[in-house]
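Alright, two takes on the same chain below, each alone as structure tokens: structure 1 and structure 2.
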Structure 1
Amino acid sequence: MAGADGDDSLYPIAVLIDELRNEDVQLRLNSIKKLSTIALALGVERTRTELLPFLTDTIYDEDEVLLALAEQLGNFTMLVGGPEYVHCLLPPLESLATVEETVVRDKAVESLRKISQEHSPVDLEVHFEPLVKRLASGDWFTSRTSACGLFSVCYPRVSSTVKAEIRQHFRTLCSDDTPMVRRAAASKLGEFAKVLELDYVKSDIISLFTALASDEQDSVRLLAVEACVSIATLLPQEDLETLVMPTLRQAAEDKSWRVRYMVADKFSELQKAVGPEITKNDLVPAFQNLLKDCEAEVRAAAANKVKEFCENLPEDNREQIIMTHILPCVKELVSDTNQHVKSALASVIMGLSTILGKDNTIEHLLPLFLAQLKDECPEVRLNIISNLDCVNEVIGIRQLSQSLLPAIVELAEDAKWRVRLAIIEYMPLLAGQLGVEFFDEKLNTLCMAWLIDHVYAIREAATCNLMKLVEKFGADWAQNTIVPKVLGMANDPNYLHRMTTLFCINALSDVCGRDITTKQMLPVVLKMSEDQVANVRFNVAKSLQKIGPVLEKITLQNQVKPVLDKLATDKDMDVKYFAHEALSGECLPVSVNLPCCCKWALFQTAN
């Protein structure tokens, strides 16, 4: 019996070994994902002495299995006995940090960074720091790239002697022969700089930053630009000009467009890091050059930062800088040959109106907005329309209507239905900005015209648009302005337009309320039950079911039910079906509210 107990105690590890050696990858993956359960079954001591050595020796599997293992080990601290024994997790994670697959290495480094915080300062020097050194000195580039992500987590908690060794290892990796290692070092340069003492930032990090920013590989140089933001925030203002700006100027004019793109993408962060004086003297000319760059990707990235850059300029001469240096470049970008550049600019250009004020907006920005509203690219036009409220706040509704509204109306009648659809979606926003009087005068006719568009998606969107407009302007406005025109379409010769009347009534009944629905809409719906087209008749049944909850019970009983009873005997199968659907709905008090599974039985019984 004792022997049997002994066998039982070995069972969990035996199952794990068996499953990990199974040919089925999914089985091995499932086994790895259950490691915590197996570790609990084994206990902390056997997990340390049996499970972890086994895992360390068997790291040869598929990448997805190794990825799961690297993730699991990051949460294993308590399963090996707590922080006192957390160093037992280092051997398998060290092995995982050297594999060829990048995602596995990254996950192993993430887990190592996590458990480094659980080491005591003594254990960090005895166990963790030697691991970092081994990785940094490894023969394969994979281990050296992983080491780059570990320096910053152990540096603050080790002795001065060990700190010096860590700095030396990082310097070595920054000049490694393998570009992948230099890339990894460059990506962690800013992070490492944040944990260093200021003197070492000046003496060590700046020289490394300069070297990496001049690397022969553009993939290394562009990562150095990211580090520039972190380094600039650490240095006193008086040191920036001599230690950082020469390298940043060089990056902004780099021969590789990818490096210039990174400068443009990080420009606002760089601007905040270096302060107003350097921005005025150095960054303004650099930003001008990026807006005029020969590569469209760089121009698009810079254009996307125009508003943010202008907002962060020093207030005392902000307007002068924008009008003199930035606006001429912006005017050129409005007619750029690349649609991505124009679209990026259109998404932010409206924000300049609040910065420059009413007079400058009317004189200089409105012509640009108008040009973009007429751009052949739909995305450019939509980016302008979606930000009209910015301009409205600055120049007022009258000026806006005289300048931009004709272009909006032109778009609303565009030959491409997707352009018309996009304008419809912005109409409630425009209505709210322009007010009811202006809307009735300029845009009401347009909204009604969309209801008889030849494209169904336009008619559907126009119906939703009416509902949103009524929500903004109220039921009284709807009764006087919208409802009569909608109900007039019930006599249209085109059955599609008659159906649109029903769709509008469905949408408007809730927002217009019981009185308007009962007195004006319901009689029209009931009359349409005699339409010659079956599609119209079954939509009458659906409409009666939809507006039923708005009506009084007596109206349902005396007016709605007789019509539905008649439709339930219609010669068309679809009309009969939807009539029975409406009769069985809960809006009609005289009917039994049947479950869905019974509705078809009711329909068949009626036939």
Structure 2
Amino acid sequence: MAGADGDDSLYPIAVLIDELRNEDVQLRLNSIKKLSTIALALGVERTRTELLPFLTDTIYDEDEVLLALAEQLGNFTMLVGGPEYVHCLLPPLESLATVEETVVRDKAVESLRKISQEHSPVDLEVHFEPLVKRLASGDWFTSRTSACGLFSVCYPRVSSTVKAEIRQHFRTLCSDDTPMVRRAAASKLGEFAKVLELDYVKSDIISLFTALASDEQDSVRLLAVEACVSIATLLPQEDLETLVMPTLRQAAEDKSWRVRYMVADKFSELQKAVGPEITKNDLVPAFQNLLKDCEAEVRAAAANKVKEFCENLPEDNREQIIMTHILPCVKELVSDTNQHVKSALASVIMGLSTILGKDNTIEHLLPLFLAQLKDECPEVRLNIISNLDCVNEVIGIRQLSQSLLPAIVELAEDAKWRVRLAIIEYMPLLAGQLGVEFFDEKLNTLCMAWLIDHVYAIREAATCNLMKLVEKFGADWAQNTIVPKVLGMANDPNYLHRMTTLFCINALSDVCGRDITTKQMLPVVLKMSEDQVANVRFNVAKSLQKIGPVLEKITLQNQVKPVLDKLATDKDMDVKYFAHEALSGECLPVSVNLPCCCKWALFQTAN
């Protein structure tokens, strides 16, 4: 249609229109994604006069295409001629902001927010603000929800009369009879409050906040809790008690658990926003109640905040508050009936030790840690183990190991592999602090037992663990304690264990050094090239490639190459493949030596 007059410069738009009408969504999507290229080809004027009207009028499409369009238009300012003309983008974005599908609408609002910044104050009043008003008074709820996100971006830059109108519109939407709109307004309340003058925050926002916080729908009330954080931050301390606290207190005791959950979830933010005095008088009892809530969901959310809450308590009587008010609740939670509550607590409880110091930790917290370490739920045990280091800092490894070691040993054989994995990951740290002697005595057998675990992830972690241990204790220690055991497994009847030997060698060769690798490990690897199981044989090839850099050139040439040569003619396809990989890979470490390298290359082609 556009190309009908034979004007070549219209060709791009003709292609676009063709593709936009294509039956294949993917093609339509592609052409929308190329929109900026096309706009560039058309030039700013024709983009304004032809492309945008076309997009505004003719697009009725799959949400996926609309989403891409909404996103593109947010970056179109320069393509329509810069800030002076940016308002041309408003009509298509306005209709996208009324679409049913939430992601499209959200993207359109995001783009509108973006281009609002590029409007001059005059354009903002002439073009942008009327759009916001139209959306805010739209028939269908979608346009009104979209409007909620646009007030805060234009408010700071318009005249005071327009400001008054905007406030009025926002007020109307806060009492809209569609809950979807009230939810949108409630979720933007905090953001809007931030751009308002303090007097209006006190007069307008507070009444809206109070109304939304006592909405008949709990889905609206809980969003007001979020707004509470921003509003409390804006108000001077002396007004908080009268303007915010009654509502917050009410929310913490709401009959809907969803609202209480939200309070628990936002507790640290609320605590920071209202300051230390109110925290002491109001939030401490509120927090106690949340920790004892009758719904497990709420208790779990509150338990998650225990550490942060305690950390942020005013330092002057922090310890006293924790010991008399919080700790008793925490003790109860350790034996909660719900595993999510216990596991939430376990993920933060260790953090209390830094706050309470050594003596309190040993006296009050250690028994709780031990109880949780023995919890029937693996998640709880796992969360405790993964946070051992913070306790370590406070009471020292000796104390920790004495009280916790039996439990740790027990967990090393836990039925859940993720728990075993967490223990393994903690082992190098523990070993480093306990010293060689203690380690050999208590933990060495455990570390070796993991090598023959029936879960691969554990065996893998165990090999990695060995490497870290050798890094700590040195090659001599390795030669005496670990290497013989590892190499012994090369004769194990189970091929998975034989492979573990190879994996260990891969991990250890570097830290053990050339001597041990050449004299002790290499012979074993070479011998394993005759293994019956193909998986072992190709892992031999991989191992040889891996340990190659550690070996001397002469060893490579005389011992490794013949074995790889043989593997390269193996009857198994994979073994051949990895042998070839190794042969070509071996070139790299010895590439300084050119003739040798050539020989290797020759060999490759000959085969």
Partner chain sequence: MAAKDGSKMSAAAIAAEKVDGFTRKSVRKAQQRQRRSLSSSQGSSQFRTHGAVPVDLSLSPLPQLMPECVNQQELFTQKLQQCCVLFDFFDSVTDLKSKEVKRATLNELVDYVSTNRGVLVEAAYPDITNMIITNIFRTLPPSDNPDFDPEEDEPTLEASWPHMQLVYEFLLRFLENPDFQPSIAKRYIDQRFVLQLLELFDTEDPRERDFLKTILHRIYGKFLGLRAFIRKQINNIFLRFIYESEHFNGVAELLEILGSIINGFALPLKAEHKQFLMKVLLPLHTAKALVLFHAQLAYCIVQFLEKDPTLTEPVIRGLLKFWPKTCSQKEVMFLGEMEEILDVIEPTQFKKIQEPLFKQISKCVTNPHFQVAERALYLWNNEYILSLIEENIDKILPLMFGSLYRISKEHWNPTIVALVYNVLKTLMEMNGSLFDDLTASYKNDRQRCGTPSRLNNPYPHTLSS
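Quantities reported herein were computed from a predicted structural model and do not represent experimental measurements. Numbers given to residues start at 1 and step along the sequence of structure 1. Under this definition, the rigid core comprises the largest set of C-alpha atoms superposing within 1.5 Å between the forms.
Engineer: Is structure 1 or structure 2 the form predicted together with the partner chain?
Structural biologist: Between the two, the form predicted together with the partner chain is shown as structure 2, not structure 1.
Engineer: Would you tell me if Cys464 moves between structure 1 and structure 2 by 2 Å or more at its C-alpha, with the rigid core held superposed?
Structural biologist: Indeed, Cys464 is displaced by 2 Å or more.
Engineer: If I superpose the two forms on their rigid core, does the C-alpha of Ala415 end up displaced by 2 Å or more between structure 1 and structure 2?
Structural biologist: Yes.
Engineer: So that I can tell if Leu556 moves, could you say whether its C-alpha shifts by at least 2 Å between structure 1 and structure 2 after the core superposition?
Structural biologist: Yes; Leu556 is a residue whose C-alpha shifts (by 2 Å or more) between structure 1 and structure 2 when the cores are overlaid.
Engineer: Superposing on the core, what C-alpha displacement does Trp450 show between structure 1 and structure 2, in angstrom?
Structural biologist: Superposing on the rigid core gives a C-alpha shift of 3.6 Å for Trp450.
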